[in-house]
Ligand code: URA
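What follows is a single chain, given as structure tokens, in the form predicted on its own.
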Amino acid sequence: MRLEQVLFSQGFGTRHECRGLISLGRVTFEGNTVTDPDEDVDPVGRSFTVDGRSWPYYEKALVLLNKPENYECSQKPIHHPSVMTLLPPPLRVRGLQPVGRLDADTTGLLLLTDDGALQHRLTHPKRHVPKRYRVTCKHAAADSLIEALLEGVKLVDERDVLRAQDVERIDDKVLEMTITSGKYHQVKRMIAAGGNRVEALERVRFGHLALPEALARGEWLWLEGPQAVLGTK
């Protein structure tokens, strides 16, 4: 693949802009400065640098963002900035999209990808990919609430009873619960149906992937393909 095409595919601008970056000596490939945009390289499993910053090559990108409060999972936000502003320009240019959505006031593990097939695989209702949330309740989490969440609650405008896959009491007012569907405001509505109220909500796991403790709010990292989430090759 021509080096110009590599940069273009990774979101570094138009083809003309990518040729300019290379011609000006601002790009290195495997540690060597390359000034010929047409130089043939094999980028798979390798990295390049632009203006001194290293970038791994991914045909399809998958990243994990520790979402802060007051960011919207939308390209056209209304009340708060988009989560896309937390990513560097090349990732935005190449068209990453959030995998599902977290409410503006919900924090934690958010996946973003430009792989449409993976997006479908992770979000389609029939896939039942588990998602785990840490829930801070307004009132003490009574046994009756946990029982209701496990047995299933009926939400307004929903045909089926919704159940938590599991529920764990972490503290007097803090629960962790896993769901395998993704209805609108589902966790908040389930807690409300059980007689309590959500004060804070954080996603801590998506599939096999846990939110890294060392990843600060607003920071992101690369993931090595779907197996990081699905636990399969």
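What you are looking at is a predicted structure, and each value in this text was computed from that prediction instead of being measured. Residue positions are given as counts along the sequence shown, with the first one as 1.
Just so you know, the form predicted in complex with uracil (URA) exists too; it's not on screen, but the next bit is about it.
Relative to uracil (URA) in the predicted bound form, residues Leu7, Ser47 and Tyr58 are all farther than 4.5 Å at every heavy atom. In the predicted bound form, uracil (URA) sits within 4.5 Å of a heavy atom of Gln186.
Within this chain, Gln97 is remote from the site of uracil (URA) in the predicted bound form, having no heavy atom within 4.5 Å. Contact check for Leu110: no non-hydrogen atom falls within 4.5 Å of uracil (URA) in the predicted bound form.
Taking the partner from elsewhere, Asp115 is found to have every heavy atom lying beyond 4.5 Å of uracil (URA) in the predicted bound form.
Judged by heavy atoms within 4.5 Å of uracil (URA) in the predicted bound form, the contact stretch among the candidates 160-168, 186-194, 58-66, 39-47 is 186-194. For the candidate set Leu122, Val83, Leu149, Leu102, a heavy atom within 4.5 Å of uracil (URA) in the predicted bound form is found for exactly one residue, namely Leu102. Using a 4.5 Å cut-off on any heavy atom, the one residue of 194-226 that reaches uracil (URA) in the predicted bound form is Leu201.
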